[in-house]
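Shown here is one chain on its own, the form predicted alone, set out as structure tokens.
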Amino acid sequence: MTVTVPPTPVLILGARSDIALAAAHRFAQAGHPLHLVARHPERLETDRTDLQLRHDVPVTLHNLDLLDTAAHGPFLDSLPTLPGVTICAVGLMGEQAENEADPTRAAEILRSNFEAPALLLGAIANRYEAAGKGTIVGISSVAGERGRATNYIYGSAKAGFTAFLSGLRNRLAKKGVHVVTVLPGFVATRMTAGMDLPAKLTAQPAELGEAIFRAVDRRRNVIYVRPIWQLVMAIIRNIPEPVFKRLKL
């Protein structure tokens, strides 16, 4: 199928992540100008130069701490144009043992994966609705499909984010605005470095970049980057609770 995504500007939140940069390269390859957003955006200078030289597209860097929710509105007002596509790659996993023992750390995980991204995407969605067009891509996680002892704080935040994206998609379905939920499964990134991940279940960042690009073009609603995850999670969701409590998942 021929990809026909118009070369509208793309806003990428959490742009320092491996997944975000892979998506940036894929959209830049198709001619999309980029707005890369992160804390400490100066650390993206090398990536900006690479994207501009390699793909011949304009790339701007923007500073935003998503946890500073009061800054969301002024940040959006500061953008040179309303981007046609917004990709949210913001996330923070942490360690479950630390998260469950430290309420401050747990709050940071919950806010980083759910509250802050949802509030910013909600503000962007309102602007898209007023314009009658736009696409939002939220990168959530299969960890949100069932609470597991080994990552339930991170997983519960992602569950909330997945539900938020679903509701937003339903609300805007007839408003010219599309919302895509991405459920990557395992990805070989800096965040998972050192983990013993099964090869058949582990995607590469470039694989996600391509999947996100195609999902925007084809107006997909929910995508599992590797289809096998749909089967894996269907099994996990349907394990009876008495059995599930005895498993080490």
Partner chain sequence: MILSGWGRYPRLDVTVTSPRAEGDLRAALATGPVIARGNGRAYGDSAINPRLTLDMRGMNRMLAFDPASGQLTAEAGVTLDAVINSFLPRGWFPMVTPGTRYVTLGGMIAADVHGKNHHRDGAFGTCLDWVEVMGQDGIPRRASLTKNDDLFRATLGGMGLTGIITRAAFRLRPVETAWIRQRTIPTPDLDATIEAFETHADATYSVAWIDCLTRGAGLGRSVVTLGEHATRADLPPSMRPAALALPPRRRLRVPMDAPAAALNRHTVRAFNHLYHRRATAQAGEAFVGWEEYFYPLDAILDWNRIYGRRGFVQYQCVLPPATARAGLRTLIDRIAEAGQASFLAVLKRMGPEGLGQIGFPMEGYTLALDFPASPDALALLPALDDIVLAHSGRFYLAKDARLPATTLHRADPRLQGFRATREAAGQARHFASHQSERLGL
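Residue numbers count along the first chain shown, from 1. Note that this is a predicted model, so its numbers are computed, not measured.
From this point on, the text means the form predicted in complex with its partner chain, which you will not see here.
For its partner chain in the model of the complex, the listed stretch (39 to 47, 62 to 70, 212 to 220, 177 to 185) containing residues with heavy atoms inside 4.5 Å is 39 to 47. Within 4.5 Å of some heavy atom of its partner chain in the model of the complex lies at least one heavy atom of Leu53. Counting a residue when any of its non-hydrogen atoms is within 4.5 Å of its partner chain in the model of the complex, the one hit in 7 to 21 is Asp18.
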